[in-house]
Structure formats: C-alpha cells, structure tokens
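A lone chain, given as structure tokens: the form predicted alone.
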Amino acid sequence: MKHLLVIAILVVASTLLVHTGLTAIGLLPEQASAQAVTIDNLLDVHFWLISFLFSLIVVTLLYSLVVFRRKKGETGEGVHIEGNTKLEIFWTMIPLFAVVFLAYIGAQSLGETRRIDPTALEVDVTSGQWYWRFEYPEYGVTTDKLYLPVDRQTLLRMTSMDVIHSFWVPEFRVKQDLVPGQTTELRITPTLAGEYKVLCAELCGASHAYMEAKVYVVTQEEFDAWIIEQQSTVVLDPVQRGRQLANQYCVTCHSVDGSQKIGPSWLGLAGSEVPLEDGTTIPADTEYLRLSIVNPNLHIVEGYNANVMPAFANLLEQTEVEDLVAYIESLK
C-alpha cells in the first residue's frame, strides 16, 4: 500500500508538470474564433489525459526499476502471479467509460461549432488547382481574398472544381473538405481582428503547398466600406479584367515573363505556332486560346501532360474567358 501511495503522489505531480509544459510551449496558434474556444477546451481534456497516461506509465516504470530492482546477493525468483480478475475488469471498464465520455464531449463540441446563426453572412467558396475564389452573393462581389466581419458568424458554402481540397485557417481551428460535385458548409465566428491565411489541408497536386489566400477579419464598419469599394470598382478594359482573373486563377501554373512553370508561359504565345504532343503544330489564334481555357485536354502541348489543368468551362463566364484571351493576346 505504501508503494501505491508514493506512486499515486508522483503520478499526480508528474501529470501537473507535463500538462504545464504542454500548454507552455505553445502547441496551438492564437484563438481567433468562437469555434476555436470550444475546440481548444476539448483539446485541453486530451492534454490532461495525455499527461496522466504518460505519467502513469513512466512513473510506475521508473519507480519499479529503482525500488524493486534485484538487490545485491539476491538470487531467487520473484513471486509468480497467475492473474487478477478484479484488476482486469477495472482496466477494461475505465477505458470504456473514458471513450464514452470523450465521445459525449466531442459530440457537444461538434454541435457547438455548427450552431446556426440566422443572421450569418453567406460566402460561396470555390477551390481549384490551385486557387481560392470567394463570392458574396448578397453584395455581388467576387474576390480572391476573404473579408470577414468580427463577432459575426459567417456561413461558407464550398465546392471544388477538380479534386478534393480542404479549407483551413489554423487560428479558427475548424476545417472542412471541398468535394467536387458537392456543396459542403462551414460556420466561422471570428473574434479577433487581424490578417490570417487560408491553407489547403488536403494534398491536391503539384502546387498544393502554395494554395493560399489572405483572410482579413475587420470591424463591421470596415467590412461595409470594403464592400462599397468593391462594388464601385468597375474595370472596363478587358485586358485589365483578364489580368485580374489571371492573378486569381492562372499565375500559379503559367508565367507571363517566359519563365518555366507547370504550364506553358503566356509570353509571346498568341500568334505563335504551338507544337503538340502528337507531332503536329497549331496556330495560337483566338479560338485556340479560348478552347485551351475551357477544354485544355483538346490540344496537349508538347512536353506537357494531359489532365493537369482543370477545365474552366463551368467556373468562368463566357465574358471572363474572353477577357483572359484578351490579356494573353496582349502579352507580346
């Protein structure tokens, strides 16, 4: 009994020390959403369990090595124990109750993070290789940056144009996959104004690591001013509109200065003779440029693979395709 009491005291002390160390080293980024508080509370329960189980195993092991080691001159065998039914029942039931308890608080946390606010701001999120697009249907604004008002819930309705992507802002904690052909939802209530970054948390291709977008959490007044600014910004020049679209969707894979990227460079492309994978050539006229955007597998350029570039026929309006073509044709 004396040994059990000493081990219990050491386990409690070690648990406190380990938990203090885990929380002190900053395992988690700052909390920037209401959902982050709920999730961090759940994680803290796990940190306590990790600290306790680590201490229970390590303290018992080290104590046994020190106290019950074979003493000098001892040659006999230790006491042979066949089993202990009560102990076996105990260590079966305790983990069972622990799993049920974690499932219960996990379900509570999930319900809290998905709680519906009828006044939530709605944003449509579209992902593709390798870009993010954010649409505010209530205001008619589309952008490659996500602006969110602080202390107001935002409902993100999300879909992917090609492969599975995953929307993740570490400071918000919550994460949601974007699946082709489906619409998934994620609710976020930002609580800390500042600049953050959307990351893709699902391996989605060659430029997965660079699939990022800025997130700005601002006051409601600043958000309203930004919306008015976006609504008043009308670009009449198709080349300028095309440049904006290219910066949003295309520059990850296509350069405009002749440098090599995943896809062919656009510099000097318009009007040139393009060698194809089948050994023929094709003039890069307006129709070729248009088809290369909406149906990129129709003509495979020599040295490049099929099925790398997604088809933008379902993502871009016809006028947007024409703007991109105008921009490519301006890159002489």
Partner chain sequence: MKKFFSLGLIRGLWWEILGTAFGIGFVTLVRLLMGLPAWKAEPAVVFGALLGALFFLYGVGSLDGWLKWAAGEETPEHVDDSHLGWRRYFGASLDHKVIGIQYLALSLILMSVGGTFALIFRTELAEVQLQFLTLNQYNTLMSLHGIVMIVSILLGIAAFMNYLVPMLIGARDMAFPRLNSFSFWIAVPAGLILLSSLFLGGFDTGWTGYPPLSARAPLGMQMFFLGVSLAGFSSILGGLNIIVSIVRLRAKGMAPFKMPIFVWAALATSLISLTATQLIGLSFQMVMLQRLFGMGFFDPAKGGNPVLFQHLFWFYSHPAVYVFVLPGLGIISELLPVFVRKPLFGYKWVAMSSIGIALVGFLVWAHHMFTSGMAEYLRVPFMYSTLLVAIPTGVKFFSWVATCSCWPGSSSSCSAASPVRPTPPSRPTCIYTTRITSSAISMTPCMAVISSRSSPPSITGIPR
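Computed from a prediction, not measured in an experiment: that's the story for all the values here. Residue numbers count along the first chain shown, from 1.
What comes next is about the form predicted together with the partner chain, which does not appear here.
Contact check for residue 162: a heavy atom falls within 4.5 Å of the partner chain in the predicted bound form. Interface residue remark: residue 308 is counted as part of the site for the partner chain in the predicted bound form, having a heavy atom within 4.5 Å. Residue 257 falls outside the set of residues with a heavy atom inside 4.5 Å of the partner chain in the predicted bound form. The partner chain is not shown here, and in the predicted bound form it never comes within 4.5 Å of any heavy atom of residue 225.
Stretch 77-85 is the contacting one of 190-198, 118-126, 133-141, 77-85, since its residues have non-hydrogen atoms within 4.5 Å of the partner chain in the predicted bound form. Contact annotation: of the candidates 114, 157, 214, 152, the single residue with a non-hydrogen atom within 4.5 angstroms of the partner chain in the predicted bound form is 114. None of 295, 272, 60, 31 but one reaches within 4.5 angstroms of the partner chain in the predicted bound form through a heavy atom, and that residue is 60. Shown without its partner, the chain has 1, 3 in segment 1-26 as residues with a non-hydrogen atom within 4.5 angstroms of the partner chain in the predicted bound form.
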